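In structure tokens, the next block holds one chain alone, the form predicted alone.
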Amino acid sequence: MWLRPSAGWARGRLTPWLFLAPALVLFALFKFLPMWRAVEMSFHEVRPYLGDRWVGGANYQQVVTDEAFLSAIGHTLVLAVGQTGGSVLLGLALALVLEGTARRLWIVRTAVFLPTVTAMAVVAEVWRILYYPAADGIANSLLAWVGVGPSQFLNSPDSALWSVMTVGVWRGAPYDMMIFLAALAGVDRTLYEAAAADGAGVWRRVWHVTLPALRPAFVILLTLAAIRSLRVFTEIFLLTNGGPNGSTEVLMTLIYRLGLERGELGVAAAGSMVLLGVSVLLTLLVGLSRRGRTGKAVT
């Protein structure tokens, strides 16, 4: 016998969706509809006021074969790997050093976290001053103390990408540090005491207790940092604008240049779709690896 659901049950199921409806409508208007339009544009030669012309996969073929795109993809991957690894390692080191409940540590943590909340335009200008390419520049003066340099930093094709990567690591590490600090707060302190009682030194406690406990934080941070590095734009745009000689051109700056400066909106949309696909693939791979590890742990 079919039972009609009660009014209270229906109201209970409907209420959350009513609260979510305004956000969902805005999200659809400003996120999914533009995304769908970008997918359409990636298969067309976009001609404003003349009508789009269907070109099939030609835009995608240009993205994966054009030398400028391949170079930009290579720079993007180098930045993604370098910034992700550097910011995670530096964030972990800062978290281990600044872990604790003392009041002075909160002051130091706040000071360390400031780069993350500082506007990128300000950060870029500060680093442009630090990278002043003369022997009396601040960074070159520091290098002179160890007998290195002077370097042209942002003005040389050999050093520009590494200089931008350093800025990314410096800005991303404090964010990673806060995630690690939150994860460290959940580590069972009795494990440290038991390890110390067994004669384990500091490094062995870090290796056998701390790092395994931080594994979920590593997974989250590596995913977020990798996606953030793949979509890097502001640092490049403000510091080098893709130069010199295209040595710091990444996928996002090339898409911007093609779409808004040269008017090749279809090719730019195809590049955006490739970047979206890589980000989604990366997220799925991390999710599957986590599920696999969780399944092994349960069994």
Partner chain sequence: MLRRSASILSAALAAVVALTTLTACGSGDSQGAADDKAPLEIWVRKPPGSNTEKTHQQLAAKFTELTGVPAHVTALFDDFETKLQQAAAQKKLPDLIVNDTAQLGTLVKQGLVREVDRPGTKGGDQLIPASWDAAKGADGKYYGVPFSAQTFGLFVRKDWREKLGLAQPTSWDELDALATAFTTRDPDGNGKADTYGYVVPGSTKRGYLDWYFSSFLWSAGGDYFAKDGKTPAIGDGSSVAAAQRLKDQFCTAKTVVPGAATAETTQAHPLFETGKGGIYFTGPYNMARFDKSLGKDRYEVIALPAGPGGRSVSLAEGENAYLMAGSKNRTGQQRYAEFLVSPEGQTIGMAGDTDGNVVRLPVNKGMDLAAVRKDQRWLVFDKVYREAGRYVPVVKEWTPFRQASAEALNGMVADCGSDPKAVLGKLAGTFAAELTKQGVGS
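C-alpha atoms forming the largest set that superposes within 1.5 Å between two forms make up the rigid core. Numbering follows the first chain given and starts at 1. If you're wondering where the values come from, they're calculated on a predicted model, not measured in any experiment.
This protein has a second form, the form predicted together with the partner chain, left out of what is shown; the following refers to that one.
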Assert contact_stretch over 212-220, 188-196, 71-79, 155-163 against the partner chain in the predicted bound form, heavy atom within 4.5 Å, equals 155-163
*Give a yes/no on whether Arg262 approaches the partner chain to within 4.5 Å in the predicted bound form, heavy atoms considered.*
yes
Query raised in the report: Taking heavy atoms only, is Glu45 within 4.5 angstroms of the partner chain in the predicted bound form?
Result: yes
Checklist entry - Any chance Glu125 has a heavy atom within 4.5 Å of the partner chain in the predicted bound form? => result yes
Residue-level question: is Thr234 within 4.5 Å of the partner chain in the predicted bound form, judged on heavy atoms? no
query = Taking the rigid core as the frame, does Ala68 move its C-alpha by 2 Å or more between this form and the one not shown?
reply = no
Is_shifted Val55 between this form and the one not shown (CA, 2 Å cut-off, rigid core) | yes
